[in-house]
Ligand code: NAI
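Quick setup: one chain, the form predicted on its own, written in structure tokens, and binding and motion questions come after.
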Amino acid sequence: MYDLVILGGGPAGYLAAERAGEAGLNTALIEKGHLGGVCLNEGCVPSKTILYSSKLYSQARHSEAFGVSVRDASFDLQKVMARKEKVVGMLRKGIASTLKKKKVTVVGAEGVILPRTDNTFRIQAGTEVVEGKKLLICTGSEAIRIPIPGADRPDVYTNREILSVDHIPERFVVIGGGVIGLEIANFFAEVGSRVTVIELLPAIGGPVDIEIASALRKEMEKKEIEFKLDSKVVEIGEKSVVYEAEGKRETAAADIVLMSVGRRPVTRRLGFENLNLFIDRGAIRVDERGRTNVPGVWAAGDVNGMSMLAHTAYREGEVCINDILGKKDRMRYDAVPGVIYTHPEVATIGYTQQDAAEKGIPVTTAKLPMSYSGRYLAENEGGRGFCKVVVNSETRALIGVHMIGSICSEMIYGTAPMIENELRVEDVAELVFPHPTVSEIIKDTIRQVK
């Protein structure tokens, strides 16, 4: 009998298991695949690993402006993929080692929830039944395949298969202009593919600020990526993708197709009906402490459908464990950063100007080009980026920051405590940023707010 059973070993599950083990809870973690979930094995880490290789390759080929010439630069996909596997393998071992130190029992099997017996939660895991006093569900999400003719063709990949591709296609089509689609499009464009991105909406990047989305599209078009916006894919054929745009049918040539149209929580065929869990639009409904409608059951990560990001999942897992331990804590989503790891990067947090307008929040915005930063200008040639801030006009509090440019992913975290603590323009003006750093652009932009 365990104090806590965790179903799923992705970011929410394994970090929650670590925190539970630290607190002395006798914990079992059930995971059918590799520890680390989609993020480590099929998403965040492997994609960033190969993207860094394509970035180095692109820099080597376009470094003359910096006084550096690289002759005969080449890209070895097999070596890149081998390094990717090495990185992923090292991190898997690190998670396993940490869980062992925290005395967490890892059960390597698919878990299915059985009907309850008295106050005990029972999970069938392979040939054994794991029992616990409390249950935390962290089963994650899966890629969506739109039901169109040809969607099941062998040359149609999701994020899982594309990260193990064994050759660079001449023509590569991405269905979906969201975060994953754009990152993979960036990779293949930098290593020589002719890339087309087909997006149903009028802009790329999903919910990002419209000015940021427009700037990112222009930067990616410099890599000769072709965008087909307001376009609906209707069929995938032999080396082709058929889509409708402005009432006409068009065709894009494709040797490989990436279907990247979103993800959905994994809630089916796991025995959730045996607990009568409240499932809302495919996700487990939870409150701000991660509690479900069933006493003794919590849910964290993509399965709750709140914010499908690994760093959100980490925090949600911590909140659940704190609640289990009786510690006061709650999940807050107003200052969760988001990043698109294209080249250049996009980093956002808080409200966009459009979000604020929809909620009736009066705002003032300010914007500065990244070239305003001496450090940025010294290390970037020809790139067009900017920082945009959104401030509540009545309170003068910072409520949103949106950036496009190099290393934005490493700067955006600094704005989280500003937004969390409702810092005003005047408060940020008193902070000291190191010089010369690109991060100074945040303070400089905020100071532009009138």
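Computed from a prediction, not measured in an experiment: that's the story for all the values here. When you see a residue number, it is the position in the sequence shown, counting from 1.
Same protein, other form: the form predicted together with this ligand, not shown, and the subject of what follows.
The listed set Val112, Leu200, Val294, Ala215 contains one residue whose heavy atoms approach this ligand in the predicted bound form to within 4.5 Å, identified as Leu200. For the candidate set Lys55, Arg396, Lys48, Arg384, a heavy atom within 4.5 Å of this ligand in the predicted bound form is found for exactly one residue, namely Lys48.
With a 4.5 Å cutoff on heavy atoms, Glu345 does not count as touching this ligand in the predicted bound form; it lies far away. Using a 4.5 angstroms limit between non-hydrogen atoms, Leu99 is distant from this ligand in the predicted bound form.
Interface residue remark: Lys133 is not counted as part of the site for this ligand in the predicted bound form, having no heavy atom within 4.5 Å. Under a 4.5 angstroms non-hydrogen atom cutoff, this ligand in the predicted bound form has Ser260 among its neighbouring residues. Contact here is defined as any heavy atom lying within 4.5 Å of this ligand in the predicted bound form, and by that definition each of Ile175, Lys232 and Tyr341 is a contact residue.
Remark: of stretches 160-168, 117-125, 232-240, 75-83, the one touching this ligand in the predicted bound form is 232-240 (heavy atom within 4.5 Å). Interface residues of 124-155, taken as those with a heavy atom within 4.5 Å of this ligand in the predicted bound form (partner not displayed), are limited to Ile146.
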